[in-house]
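Listed next as structure tokens is one chain, alone, in the form predicted on its own.
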Amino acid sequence: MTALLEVQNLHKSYGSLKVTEDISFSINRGEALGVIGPNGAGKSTLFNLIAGGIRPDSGTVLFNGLDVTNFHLHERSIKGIGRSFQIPHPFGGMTVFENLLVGASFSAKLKGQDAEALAIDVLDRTGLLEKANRPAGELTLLERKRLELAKALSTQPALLLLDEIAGGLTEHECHELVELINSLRKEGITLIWIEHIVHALVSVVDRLLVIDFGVKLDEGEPHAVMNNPKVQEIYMGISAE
């Protein structure tokens, strides 16, 4: 099976600071991969390298068999890589519905009624249909998190990158979000999810990837990875000795 995404030996430094160092992994269509690590480990930088927000110093990003390493962010979005951001970035002066039309029109390349139909469908799937005509800047935190996800879905991604989308939510809100993300999995969307709320993550993903100081520490079945003494030490403060 050809991987949907292949990350090969990605390296990114800022001066003497190595943010990602020789990271490689792949994910097949329909899989869900979780990414964990302490703050400053390089997780969001990894997402930026995959989505096209920044370019690697070396290494390759292959998407659906195509080398997209030198593609800009909007070009990768058109090809099918969608992402949410840790801090929601809605177009605050636009309505929730208009926020989704941006993705449907410029990334999914739909026009007129087709773009509107996609926006309405995504609003319905993410529980935001009743908020369609509300200014995005007036939404609650949970609603803004849902809008961040909805914006990414409006681009019709084959690969969806979720960056700490559960952060700041109550336990009940987190449970609702997990149900929504699992429903996306059933639709066949491939996921890579960065998250500090590990119990939410392991209820969704097939594998975990652990990063520490820009280096891949471990990768594999979630519970096996979490039982790795080195992972417990760097992520949960449990001594490996």
Partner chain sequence: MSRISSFEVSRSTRASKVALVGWIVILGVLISVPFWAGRGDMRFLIEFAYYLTLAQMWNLLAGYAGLVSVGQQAFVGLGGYMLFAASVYFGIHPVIAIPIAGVLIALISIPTAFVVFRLRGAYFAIGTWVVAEVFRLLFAQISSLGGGSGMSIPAKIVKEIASGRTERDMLIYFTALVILVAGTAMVYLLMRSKYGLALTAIRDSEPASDSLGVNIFKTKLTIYVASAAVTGVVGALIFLQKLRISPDVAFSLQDWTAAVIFIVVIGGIGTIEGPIIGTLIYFGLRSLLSDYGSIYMIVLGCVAVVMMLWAPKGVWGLITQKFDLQLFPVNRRVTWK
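Residue numbers count along the first chain shown, from 1. Superpose the two forms; the largest set of C-alphas matching within 1.5 Å is the rigid core. The structure displayed is predicted, hence computed values, not measured ones.
Below, we refer to the form predicted in complex with the partner chain, which is not included among the displayed structures.
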Task: Whether 126, 163 and 181 all lie within 4.5 angstroms of the partner chain in the predicted bound form by heavy atom - done: no
- [ ] Report yes if any heavy atom of residue 157 sits within 4.5 Å of a heavy atom of the partner chain in the predicted bound form; otherwise report no.
- [x] no
Open item on the list: Residue-level question: is residue 83 within 4.5 Å of the partner chain in the predicted bound form, judged on heavy atoms?
Closed with: yes
TODO: With heavy atoms only and a cut-off of 4.5 Å, decide whether residue 133 touches the partner chain in the predicted bound form.
DONE: yes
Open item on the list: Can you tell me whether residue 141 touches the partner chain? I mean in the predicted bound form, with a 4.5 angstroms heavy atom cut-off.
Closed with: no
Open item on the list: Given a 4.5 Å distance limit between heavy atoms, list every residue of 56-79 close to the partner chain in the predicted bound form, or none if there are none.
Closed with: 73, 74, 77, 78
Open item on the list: When the rigid core is used for the superposition, does residue 75 move between the shown form and the other one (threshold: C-alpha shift of 2 Å or more)?
Closed with: no
